[in-house]
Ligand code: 13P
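Given as structure tokens, the chain that follows is alone and in the form predicted on its own.
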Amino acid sequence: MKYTKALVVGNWKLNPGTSIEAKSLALAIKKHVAKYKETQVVVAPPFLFIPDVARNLTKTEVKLGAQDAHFEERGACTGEVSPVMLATFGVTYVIVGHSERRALGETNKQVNLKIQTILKRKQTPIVCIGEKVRDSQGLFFNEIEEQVRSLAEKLTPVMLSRIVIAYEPIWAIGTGATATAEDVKEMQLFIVSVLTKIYERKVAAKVHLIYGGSVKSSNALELYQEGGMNGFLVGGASLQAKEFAAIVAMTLPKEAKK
């Protein structure tokens, strides 16, 4: 289903290389998406660049995100960053459960704990889920259902309504391969069906779903119009301000494109 406002998130990952480049990219994105107020835009730079990017996003509707956060707010967690720390710089969205983090050993249980901590700080968790391979027997649906059920554990309907679920098929991340609009729509319906089993249809329908996986301006319109999701989690293309803005433009209501 579509919501009142689409969401497009730029995950910069381990880019760019310097603070100067990060500030320049933030300013360029700020300039190119300024007129697209009908879509909520978020950028998630590396931790070290968050303070500088935050200063360059003042007086704009572009929100600041982070690429991860620990589920503990303080303590013996060497090298980690907490939602509390991120909040001091104005971070309002936090990506959790990204496949690259899961590949390093992050578990479904840890993702759930992060969601709870982030929600407690009035921030919005962007929870990534996705299958490693898309087999012809449809066994990948079991993998998705397990992830959905795990992320929803201990979440009340109100808490669930405050999260974003980003469907990112792992085989499409950074590979150039992209799920078809039909694949995305099928997954949107499946995720809603799983949430409906756990809660009820009205609750499931309120969850904001977005798609990620080799999203480009050349495929964004079809994915958005036919895929049933309400926005994108963008990787490599978010490092090019004009390309990123072009993806944002694909999510605008028809009347806003005139």
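One rule holds for the numbers: they count along the sequence shown, beginning at 1. Computed from a prediction, not measured in an experiment: that's the story for all the values here.
Beyond the structure shown, there is the form predicted in complex with 1,3-dihydroxyacetonephosphate (13P), which is absent from this document and is the topic of what follows.
Listed stretches are 227 to 235, 186 to 194, 48 to 56, 26 to 34; the contact stretch with 1,3-dihydroxyacetonephosphate (13P) in the predicted complex is 227 to 235, by a heavy atom cutoff of 4.5 Å. By the criterion of a heavy atom within 4.5 Å, residue 173 is counted among the residues contacting 1,3-dihydroxyacetonephosphate (13P) in the predicted complex. With a 4.5 Å cutoff on heavy atoms, residue 213 counts as touching 1,3-dihydroxyacetonephosphate (13P) in the predicted complex.
Using a 4.5 angstroms limit between non-hydrogen atoms, residue 131 is distant from 1,3-dihydroxyacetonephosphate (13P) in the predicted complex.
Counting a residue when any of its non-hydrogen atoms is within 4.5 Å of 1,3-dihydroxyacetonephosphate (13P) in the predicted complex, there are no hits in 52 to 68.
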